[in-house]
Structures are given as C-alpha cells and as structure tokens.
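Here's a solo chain for you in structure tokens, the form predicted alone.
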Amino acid sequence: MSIDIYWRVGTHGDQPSLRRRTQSRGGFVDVPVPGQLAPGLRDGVPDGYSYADHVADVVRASEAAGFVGGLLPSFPGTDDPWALAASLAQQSRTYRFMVAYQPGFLHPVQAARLTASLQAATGGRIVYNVISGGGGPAQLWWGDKVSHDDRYARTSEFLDVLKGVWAGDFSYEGRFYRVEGAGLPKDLAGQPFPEIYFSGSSPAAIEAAGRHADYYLSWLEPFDALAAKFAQVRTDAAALGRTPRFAVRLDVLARPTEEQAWDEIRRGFENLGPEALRAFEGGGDSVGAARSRGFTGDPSKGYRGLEVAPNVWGGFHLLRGGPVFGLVGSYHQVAQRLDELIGLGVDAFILAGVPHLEEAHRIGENVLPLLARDHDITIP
C-alpha cells in the first residue's frame, strides 16, 4: 500500500521562520505593516495580495512539490476549513483537502449534504480530520459544555448517523441525534465517502477510533510510546473486526546538514524569553497534549535538552503554536526517521514546516524523494 503524505496548510497566518515568533503573513491583519506579506505594502499602500491568495500559493506549491493533499486546521482563530476547501479546489487539480472539524458543531445530515456537494464539485477530493475538541476555554469558545468522554460518544454517534444518511433512507434515535427517513438528494447520492482521519489519545478516543477511523491520527511522540498507542488501537479495532491504518502529524525542520538544521533551532530558542519557556503548561482536558508534555525534557538545559531521541525534538511548541514534537536534522536523517515510523506501521503523514510556503518546496524537493527510494509514495 502506498504512503499518503499531506502538508499542513496554515489557516490563521504564518511566521517568516522559527527564529522569531512573529507573524508576517496573514493572521487577519487589517492594516499591513512594513515587512508584512499577505497583505503587504507597495509604495506605502496595501498591495491587494490577501492571505487567501497566499494560502492558494501554499496549496499550489505543495501540490507541485509532491504532497497528495493538505490539512486545513480548525481553531477559534482560523478561517473555516469547509469554506477554504471549496474556494481552493479550483486552484489545484488532484490535491486532496483534509477538512478538520468537530462533529458537535454540525448536524450529521447537514454534514452529509455539505460533504456530498464538495465531493461532487471536486471529484472526490475531500478527506475528514475528525476532532472532538481539546476542552477547556477553547471548547467553551464554541459554546460546547459536553464533558470529555461524552464528546467522543457524540462523535461516534455523529459518524453513525452521517454514514447512514450517506447510504440513504436512514432513521435513527440515539442519545444526541434523531433522524427519520434521512438521505441525500438523488443528484448528490453515490459520491465516494471521505476517508476518516481520527484524532485523540484518551481511552474514549481510542475506542471511538477503533469503530470509525480509516486512519488513526496521532501527533508525533517518542517512537516507543507511539508504538504502544498504535497497539492499543489495533486491539480495540480488532475486537470490532476492523484493521486501522495509522497516520502521524509532525513538524519537520530539514536542512542539507544536521548542523544547519540545529542552528535554526538554536537561533529560535535563543530568542525565547522566560515567559515563552513556561509555555505549554496546559489549560484544556486534551489527553494528547498532556501526554506530549509528559515526554518533553527540561528547556533550562538548553535546546538540545529537549531532544528525546536522535532527531526527535520536543520544543516546537516554543517556537510556533501547535504540537510539541517534530524532527530536526539533515535531509537524509529526517527521511530515515520517517522511514522508521513507516516501520512502526505508519501509513500516512501530515508534515508541517514554518513558513508553510517555502518549507513545502524544501521538504518536497529534498526529503520526499529520499523516502520514495524505499517506499511507494502516493503521487498526486
């Protein structure tokens, strides 16, 4: 089976590099400042290049660089991934759009119709990244007070209903949803159902993933911990007669030499203040975030103190928003670590780099070809 490799497409602005945590493109900036890109200034006035234009450039660049598609993340401060997928589809030919969404904020019948419309319009290029929320203030921002384990129960019921509606003439009465005789309009029926990438590290999440995930998606962790998590998902899925595939979302910082890669990290780390070094102390009820915090080292020992295994660095959250772990090294080293993850059973990756546009070119041109020497990589 071929390996699917996606690129993360920023939906909320971007930094110029990991060296300094400032945004220079997007971020819903109304008034551009000198040095700002998307929107930028020309002769002192806005140049008309919007962040939407920049995101389209990232999509075109990552498609040309060999990525099969892009993850469109969803947070309170981002653009809406559904709307972005619809607007970006015409900017690409084969690119798949992995739409991140929380089932609790969308009725499954509406989700079925929305998805079927997009599948018809894009030729079946929609993929789901089903997330059930990180809890805490971010969850309340959405107006969602459902407890952690119940969110996964709701997600599981949501997907049962969505699949039933997709098949047609479906009735259901559950704890969270009730529908009678639901189905898609005749002209929208028969579209391919999207692959489901399912996130979550808690027992409730892993149980739900066993029922529904085509790909169980995890952030990068130390490889032994990741292998243990995959084993639990396999066990839960096997009890239901299912065989899941696995995907990992991770940042990559790859350069021609290992020294050059670590120098990028060093320069970013040295720009951090005491407040930044106390980052990622948590605030929600995300089990995945808590697991990551448990695996990190001590930043007071310097940036290499956060390297928990060769080329596996647990300090990316200090240099940009997002998960803790990623890979740092030469092109060959990063490709080797990805190869090792494939050996653990990983079938797909969602890679990310800052800035998204330039790093899509770099990783696509220098790392993916190395990985393709030994593996069948899905060609867009």
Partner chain sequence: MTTLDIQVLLPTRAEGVRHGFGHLREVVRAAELGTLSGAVVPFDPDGLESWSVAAAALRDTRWLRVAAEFHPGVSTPVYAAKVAASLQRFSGARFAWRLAVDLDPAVARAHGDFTVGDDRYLRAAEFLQIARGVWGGGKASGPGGVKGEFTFEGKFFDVLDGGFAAPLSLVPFPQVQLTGASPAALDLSARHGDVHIFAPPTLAAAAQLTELATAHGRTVQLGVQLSVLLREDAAELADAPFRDEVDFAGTYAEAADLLRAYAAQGVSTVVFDARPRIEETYRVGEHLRPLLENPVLEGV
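None of the values given here were measured: they were computed from a predicted structure. Numbering follows the first chain given and starts at 1.
Another form, the form predicted in complex with the partner chain, is not on view; read the next lines as being about it.
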Open item on the list: I need to confirm a contact call. Of 308, 225, 121, 153, which residue comes within 4.5 Å of the partner chain in the model of the complex, counting heavy atoms only?
Closed with: 121
Open item on the list: I need to confirm a contact call. Of 272, 167, 146, 188, which residue comes within 4.5 Å of the partner chain in the model of the complex, counting heavy atoms only?
Closed with: 188
Task: Partner-facing stretch of 48 to 56, 62 to 70, 309 to 317, 341 to 349, counted where any non-hydrogen atom is within 4.5 angstroms of the partner chain in the model of the complex - done: 48 to 56
Task: Residue contact check: residue 75 to the partner chain in the model of the complex, 4.5 Å heavy atom - done: yes
- [ ] Verify the contact flag for residue 355: yes if a non-hydrogen atom of it lies within 4.5 Å of a non-hydrogen atom of the partner chain in the model of the complex, no if not.
- [x] no
TODO: Give a yes or no for residue 196: in the model of the complex, does one of its heavy atoms lie within 4.5 Å of a heavy atom belonging to the partner chain?
DONE: no
- [ ] State yes or no: in the model of the complex, is some non-hydrogen atom of residue 79 no more than 4.5 angstroms from a non-hydrogen atom of the partner chain?
- [x] yes
Task: Sequence-ordered residues of 148 to 185 touching the partner chain in the model of the complex, heavy atom within 4.5 Å - done: 178, 179, 180, 181, 182, 185
